[in-house]
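Next up: just one chain, as structure tokens, the form predicted on its own.
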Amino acid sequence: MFDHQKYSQFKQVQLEDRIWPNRRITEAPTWCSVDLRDGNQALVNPMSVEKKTKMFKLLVQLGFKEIEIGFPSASQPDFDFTRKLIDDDLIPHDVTVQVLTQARKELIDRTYESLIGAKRAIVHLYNSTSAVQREQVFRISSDGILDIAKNGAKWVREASMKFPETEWIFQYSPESFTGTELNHAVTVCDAVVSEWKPEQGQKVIINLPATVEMSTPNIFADQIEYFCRHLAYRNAIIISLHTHNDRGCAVAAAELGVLAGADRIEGTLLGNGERTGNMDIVTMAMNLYSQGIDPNLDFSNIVKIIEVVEDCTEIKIAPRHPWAGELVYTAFSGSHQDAIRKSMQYHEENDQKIWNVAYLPIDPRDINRCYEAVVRINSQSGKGGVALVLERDFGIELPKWLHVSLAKVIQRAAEETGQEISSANIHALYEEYFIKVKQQWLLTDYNLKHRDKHVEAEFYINGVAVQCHGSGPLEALIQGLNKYFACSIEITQFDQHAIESGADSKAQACIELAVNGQHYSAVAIAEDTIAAAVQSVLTAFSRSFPERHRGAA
């Protein structure tokens, strides 16, 4: 049943001197949202008038200047919604609404009836032109398709003359353009445009729909460049694209189509549409934004956009959806987490003006995301990510050598549960394994006497005085512990710094001890540097005793 031989490759376009591959996108195209028409017709439960109004207001807030609001001749709810926008004066003066109609006179007349009183509107005419539609659905010739388009264009023009108070813009779509022979598509569109006479100042949009995505994006770009070259009135026409996502390449096809000469893009927020969806305007616009190009749309509150779209469409956004998904600014991999941490620190230290952070193509804050979502910890996470969580959420800075010991503790806990480790749990494990100490190992006071290069120390550990001496306080304590417990203790790593400033300043000491060849780490915080350092030794040494549950860190 799974037989690839029933399919054939899409034919390439003979365009040896194509120029689109050498072009760059330098500015945003004109955007037209079709959420309220194409997006709405693809829903299991079409939007109510209330939800349509909510979506329309969102689109206006985002900056859309052209919005397709429905198919008023085919649906009473669409007709009523069109009237509501006009009668309630909900259309801003700089926004143009667009409505769709088939090339049938009674439907065109009904379309104009729905738009009475509009200041400006786009009447979007379409008919199917593809070979498969001609041969298998309508069973008419190419000339028959041409006549349908020409008659539709004439009826659109004639009907507009009855309502001179409205500024009319005409748009034509050869539906299933990608499945239409290019010379036939040019012939049909030239005939339509001739009826509308753009050379006399009438605004005309030719919209080329990839109603079904049938080829790789480069072939689609070739189709667009070929079409633009051969269209008779190219300089007087806006070329628009409407790509679908059957092959998962709608955004790529639209981007390459712009390189090939298109001026305008139709799509939906977050890609809702028939079958696998429409071209995702959020993705394409954010692609431009990430390249330093103003998309002329405001996606600074992506969370709000998602809330409205999910409510109106009743479709949840995938967590890995480009730019907008819940997890797209989240790193689970340890190496990724470490790179993000270091790269962000580099930006801060060097006051970087241009964003160039590892694994983060944009600053999540630009679209109302925050860094709390960047790093999450599970069994795949590394030392850098764990350290970043403590620093980000609790202000705890640890030396790099301690990251390894800490990561082992966190990874072990994640492996035991098989679940993500929350920020609070990471902090609790850090406290348990590196800070907490039994009462019997708690430094309660100390006295130091300096004699030449020698220190005589008296440490009160849980109230019990321990006398020892050495070249410094820590050396004295180590010698005392070696003597009392008949063991070999060596300091292998040590770091100390202030964690606050002013009158509230405290000292943090981090230490790693080798006790009889085994390594134990600890962190201590105290009012002064000596107390913090001494306590860190006592805490780390206490980890070497078997009664300490879970063993050494």
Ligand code: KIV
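Quick caveat: nothing in here was measured; it's all calculated off a predicted structure. Residue numbers run from 1 along the displayed sequence.
A second form of this protein, the form predicted together with the ligand, is not displayed here; the remarks below concern that form.
Though the partner is left out of this view, L100 does reach within 4.5 Å of the ligand in the model of the complex, counting heavy atoms only. Taking the partner from elsewhere, D38 is found to have a heavy atom lying within 4.5 Å of the ligand in the model of the complex. The closest heavy atom approach of P209 to the ligand in the model of the complex falls within 4.5 Å. Residue contact with the ligand in the model of the complex: S173 places a heavy atom within 4.5 Å of it.
Only one listed stretch (119 to 127, 472 to 480, 301 to 309, 74 to 82) carries heavy atoms within 4.5 Å of the ligand in the model of the complex, and that stretch is 119 to 127. Residues are counted as partner-facing when one of their heavy atoms sits within 4.5 Å of the ligand in the model of the complex; in 238 to 257 these are H242, H244, in sequence order.
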